[in-house]
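Okay, here we've got a single chain as structure tokens, the form predicted alone, with questions on binding and movement later.
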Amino acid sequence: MNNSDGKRGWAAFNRRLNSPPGFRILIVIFVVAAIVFSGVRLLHYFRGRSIMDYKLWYETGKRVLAGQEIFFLHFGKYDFMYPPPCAIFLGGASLLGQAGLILLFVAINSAAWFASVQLAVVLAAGESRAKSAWLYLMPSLLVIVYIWSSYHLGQSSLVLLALMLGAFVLLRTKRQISAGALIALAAAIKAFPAMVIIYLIYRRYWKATVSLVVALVFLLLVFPAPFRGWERTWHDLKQWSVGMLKYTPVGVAQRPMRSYTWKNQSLVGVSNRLLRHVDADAASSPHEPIYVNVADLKFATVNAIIITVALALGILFIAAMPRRAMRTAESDALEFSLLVLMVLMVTPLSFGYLLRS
């Protein structure tokens, strides 16, 4: 087959893919993939095999319903490390039983995956229905392994992505209050999306900023109170803060063994791994220590370098941002993409299942 035949064949394939039947086939593929990913998790449960973090979510939910401690040391670290409102959500889900909780979570994961694809297309193409099917297909293909890991591990990354993309779409349509509330909800599930408040302030999204703060205060203090009581709610928040907002030469938060290993690809993890004499595979057991550092600097010096690099990245980000009068739908899409990447880089713990964002 010569080059012209190949071009004609590719053009014909593109026409079929971008036709209404082609879009319907993509939807069928998505549904099949979501059912398979979900079914494997349920099958593992019914066969008595490991269900990864789903077990922790169920046990945490049961502890909430029983009025027991959520954040406590177990083998030197917290088992459950998410903000207190997330535990309240799990309390409701655990009422369904363990199988019901897994079914609910994989269904939410599938809905978040679908929503993320749709919202990403809206941001990239400026409309809800893009003409090119590749905009729907390629992002998922590129990170399909990480999407599977979200189902496999029982992680919330797809949900966080859908919430953040939804917030960005709302910002672009000038619905700032709803956007701030979505970011607050994401931060109540896993804390690091709260860093977006810096961007909101810089871009003068004042309504979104106030909405984020008010909604987050509500989710952290008011929302749990009917279930845990005011005193226990404050105690939960204090215990979580003391245990999770911690950064020492030994580790970050409640991940002392994994903080500086190859599993953590954040700026904090990479800098400590390359610039200090720390075991790059400490989470594996048993194993021989592995060191990949190119220098052996003091902890304070490494932190100074981290802050400098973070500030430099922030300045480059700001320099690349167009002025308000020059903003377009396309520049906003690029800006929001860079913002997500910045948040993932700067957050102290950034494991593989977060990288799909």
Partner chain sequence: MLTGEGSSLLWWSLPVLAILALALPFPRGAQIYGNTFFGALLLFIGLSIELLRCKRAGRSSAAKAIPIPQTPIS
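Treat the numbers as computed from the prediction; the structure is a model and nothing was measured. Residue numbers count along the first chain shown, from 1.
Keep in mind the form predicted in complex with the partner chain is missing from the figure; the text below concerns it.
For the candidate set Ile201, Val214, Met138, Ile177, a heavy atom within 4.5 Å of the partner chain in the predicted complex is found for exactly one residue, namely Met138. This chain is drawn without the partner chain; in the predicted complex, the residue among Ala280, Leu275, Leu220, Met257 with a heavy atom within 4.5 Å of it is Ala280. Looking at 48 to 56, 31 to 39, 66 to 74, 290 to 298, the stretch with residues near the partner chain in the predicted complex, meaning non-hydrogen atoms within 4.5 angstroms, turns out to be 290 to 298. Although the partner is absent here, Leu338 sits close enough that one of its heavy atoms falls within 4.5 Å of the partner chain in the predicted complex. When contacts are judged by a 4.5 Å heavy atom cut-off, Ala115 does not count as touching the partner chain in the predicted complex. Looking at Met244, you'd find every heavy atom of it more than 4.5 angstroms from the partner chain in the predicted complex. The closest non-hydrogen atom of Val302 lies beyond 4.5 Å of the partner chain in the predicted complex. In sequence order, Trp262, Gln265, Ser266, Leu267, Val270, Arg273, Leu274 are the residues of 260 to 278 having a heavy atom within 4.5 Å of the partner chain in the predicted complex; the partner itself is omitted from this view.
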